[in-house]
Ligand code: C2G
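Single chain ahead, by itself, as structure tokens, in the form predicted alone.
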């Protein structure tokens, strides 16, 4: 079985996220999503609209996702490759080159193009503009 893993925050889930998950799943038989916990997001200075538990429930409802695990640190990626017998590590191409070191663990590293017209950051910015117009 070819196992694929991707990592992310997946806040304000949108069709760009779904596109990424669909393309990641197409690279193997089993897709694991490592979801950043609220505590890990705080370390990254990120604030989510939805809690970890709600984001996890949303991801678990997506047919492309087979398993959701907690991402609690940057360092766990190396051990996850072995613990979950990963064949392919997938991230959006905005991270290109940042995780090539995982090839040393015998894992194929793939950077997929992002869906250009959508992002959580853009949604938050658009909502802020709407709020300020009121």
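Positions refer to the first chain, counted from 1. Everything numeric here is computed off the predicted structure, so don't read it as measured data.
Separately, the form predicted together with this ligand exists; it is not shown, and the next lines address it.
K.L.:
Which of these stretches, 101 to 109, 80 to 88, 24 to 32, 67 to 75, has heavy atoms within 4.5 Å of this ligand in the predicted bound form?
P.N.:
Result of the contact check: 67 to 75.
K.L.:
I'd like to check something about residue 94: if you look in the predicted bound form, is any of its heavy atoms closer than or equal to 4.5 Å to a heavy atom of this ligand?
P.N.:
Contact check for residue 94: yes, within 4.5 Å of this ligand in the predicted bound form.
K.L.:
I'd like to know if residue 44 sits close to this ligand in the predicted bound form, meaning any non-hydrogen atom pair within 4.5 angstroms.
P.N.:
Yes, contact at 4.5 Å.
K.L.:
Counting only non-hydrogen atoms and a 4.5 angstroms cut-off, does residue 52 reach this ligand in the predicted bound form?
P.N.:
Contact check for residue 52: no, nothing within 4.5 Å of this ligand in the predicted bound form.
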